[in-house]
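Both blocks below hold the same protein chain, though in two forms, and each is given as structure tokens: structure 1 and structure 2.
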Structure 1
Amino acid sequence: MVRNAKEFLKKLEELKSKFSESIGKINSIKELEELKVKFLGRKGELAKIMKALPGLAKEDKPMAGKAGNETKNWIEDLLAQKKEILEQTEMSKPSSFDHTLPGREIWSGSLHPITITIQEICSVFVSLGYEIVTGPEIETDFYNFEALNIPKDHPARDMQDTLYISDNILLRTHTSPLQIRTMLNTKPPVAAIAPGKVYRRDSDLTHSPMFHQIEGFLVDKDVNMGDLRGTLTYFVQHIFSKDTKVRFRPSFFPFTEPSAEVDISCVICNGTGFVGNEPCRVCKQTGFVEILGCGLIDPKVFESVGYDPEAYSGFAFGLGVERVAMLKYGINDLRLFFENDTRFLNQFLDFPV
């Protein structure tokens, strides 16, 4: 128990001596922090001595308080000096890192199979002189339907399962509006290929509410079905193989007349209808699979963009990118394109980025 200023000062000297001895044994930052708490903490050695300050004589309190603060500052200075020494010692120690070990393998990304397929398709038509065009995914009724010979009472509107934003604004159901936009801003002759996302109210194993489509068209003088057939045969055999067979079946589309659907020999069973001894599930033993729709551009479409249907003719075609990718790479579930499963995507690492 401290009874006067003399004993108070003696306790401070004993504390300093004890601290000097203790700090000399410290070998780590952690031990230094523990020592600081022991001597300067709220319940530390210095705090215990300073509790005696109120009981000293009034004339001794200023001198004793000053001595206590000087002791605290002295301890803090020694702690700071020791910490600096310990940090320098840690930095000078040999590193435990073994630089001879092999580095971690860096995972490199790849193009998505849809992107790869779009690039491959577009490159074929660019080599034929086609221009790549793009446009808005949110369209007006005029570009998506009216100008393509699909008036408001046309039954083809029911086939589209359209996602409307308002009575006149919608998410485009095909990339065909880009045909209208391009022709309105370009005088013939014109040849363009238009890749992009399209939207429909549909979702299952083979359908997605958002998917990718490519529209292609050519307008010039004296364009006929022979030109269309030659162009699409060239395209199919460059995307798949030179041995791929192509056939055209009569069909109907409001914006082409005559219209056709294009089938190719099944790339899974090579057109035989069988995979080994099992019936081919892709072509259902027919040996052919549908790949796109096409036809000569309807004169009413030319009238809506200001082209003279007596002077010009042309053809148009549209294909689903996912459909081509599934056939080309043997993918059996459309949902794989949108699930971001790296096990699936890693299969395309060898394709050039």
Structure 2
Amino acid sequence: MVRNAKEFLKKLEELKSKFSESIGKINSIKELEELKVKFLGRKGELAKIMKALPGLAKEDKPMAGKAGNETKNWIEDLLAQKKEILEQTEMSKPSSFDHTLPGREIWSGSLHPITITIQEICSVFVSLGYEIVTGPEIETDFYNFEALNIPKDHPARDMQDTLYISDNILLRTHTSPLQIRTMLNTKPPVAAIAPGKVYRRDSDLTHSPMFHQIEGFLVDKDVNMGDLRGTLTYFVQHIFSKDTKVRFRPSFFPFTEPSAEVDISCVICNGTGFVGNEPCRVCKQTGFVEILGCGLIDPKVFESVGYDPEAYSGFAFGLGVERVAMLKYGINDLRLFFENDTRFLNQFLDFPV
């Protein structure tokens, strides 16, 4: 029984030396935990000694309490030191932990390259201030042809072999009806971009009966051919690369005049016409590939939507999404887009914002 402060302090000293001896024999964290309980636990050695504290002389109590606390801290420090040492030895021991095992994999989803391409193209135009519009895939002859200055029995209809639902209803052959629908719905200025599925009665290695187009158009005061060149050059260099060359050559579309076809320097052979020593198959050695059609909107189109062709002018362009994707990714077979083989889809895991 502890009766005075001296005995109390002596007990604490004995405890310390007992602890020192004990901790020297400890070899594992588990033993160390047990040791901690033995000395510092609620019913541990230190607690037993501290029980005598209330019975000490009043003037000795602060000193004794402080000594008790110091002993506790001293033990805790030693425990912590020992723990660190033990942890280090345990870590350096060989173990079953193998950081090279594969992680628990998460399924990778993907967007179809057509979607990726559409989104990337639309983003470029949205950043320029265009808005995205959509419309029906089944159209009337009026929106798909008549209003676009493609009358019945006109050779221009040969440019697009059409799938019909009835005499007057058809699967849209291009996204150009969106020009008409949008302009009929709004007053100029208009700046819109219209992605979507289109259909042609054509199926072979380089034609699919369903494919995707993007139509873009701008109507305002004083829109001119230079603006069209600038806009499409900006677009091409954003989608492909800064070094891509853009070439405009005259062409014909019933709903634009002047009309032009836009070629870009072949991205497969960098416009050289050769891949290694082999002639480039994509551009047939010309160094250029056709990428889109465009022009100033024909006054007849303005008339059919009730715009004044003297007050306003505009440009329109249309491009094939699959064609852009094929060039961009080096895809050599159009059919791959619609087979949806996962070995194809798995190559497009990255996604646009």
Partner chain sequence: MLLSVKWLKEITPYEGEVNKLAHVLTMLGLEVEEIFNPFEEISDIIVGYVVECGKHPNADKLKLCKVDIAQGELLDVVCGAPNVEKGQLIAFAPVGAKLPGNIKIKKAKIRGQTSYGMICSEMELGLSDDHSGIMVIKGNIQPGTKLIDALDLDTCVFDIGMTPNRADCLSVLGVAREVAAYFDLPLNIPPCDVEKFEQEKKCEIPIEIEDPDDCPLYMARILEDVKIKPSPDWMKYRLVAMGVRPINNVVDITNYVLLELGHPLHGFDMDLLKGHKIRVQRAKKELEFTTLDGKQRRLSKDALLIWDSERPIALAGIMGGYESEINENTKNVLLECAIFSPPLIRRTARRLGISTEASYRFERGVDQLGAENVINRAAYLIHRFGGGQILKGISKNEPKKFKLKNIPFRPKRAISLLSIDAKSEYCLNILNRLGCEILPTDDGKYQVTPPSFRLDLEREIDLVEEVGRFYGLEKIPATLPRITKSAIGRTCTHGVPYEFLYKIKQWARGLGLQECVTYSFVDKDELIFLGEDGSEFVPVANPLSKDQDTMRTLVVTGVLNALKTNIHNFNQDIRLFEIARAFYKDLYSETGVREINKLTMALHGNRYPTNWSLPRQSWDFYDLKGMVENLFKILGIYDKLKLTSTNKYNFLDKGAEILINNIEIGFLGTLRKKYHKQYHVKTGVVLAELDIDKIYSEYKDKQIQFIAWSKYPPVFRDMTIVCPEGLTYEEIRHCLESSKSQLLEEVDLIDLYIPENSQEKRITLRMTYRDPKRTLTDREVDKVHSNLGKYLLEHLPVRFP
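Numbering runs along the sequence of structure 1, starting at 1. Think of the rigid core as the biggest set of C-alphas that the two forms share within 1.5 Å after superposition. Everything numeric in this text was worked out from a predicted model, so none of it was measured.
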Original post:
Form predicted on its own, is that 1 or 2?
Top reply: 1
**OP:** For Thr286, state whether the C-alpha moves by 2 Å or more between structures 1 and 2 after rigid core superposition.
**Re:** no
**OP:** Take the rigid core as the frame of reference and indicate whether the C-alpha of Asn144 shifts by 2 Å or more between structures 1 and 2.
**Re:** no
Original post:
If you line up the core, does Asp222 shift 2 angstroms or more at its C-alpha between structures 1 and 2?
Top reply: no
Subject >> Rigid core superposed, the C-alpha shift at Ile106 between structures 1 and 2 in Å >> reply: 3.8
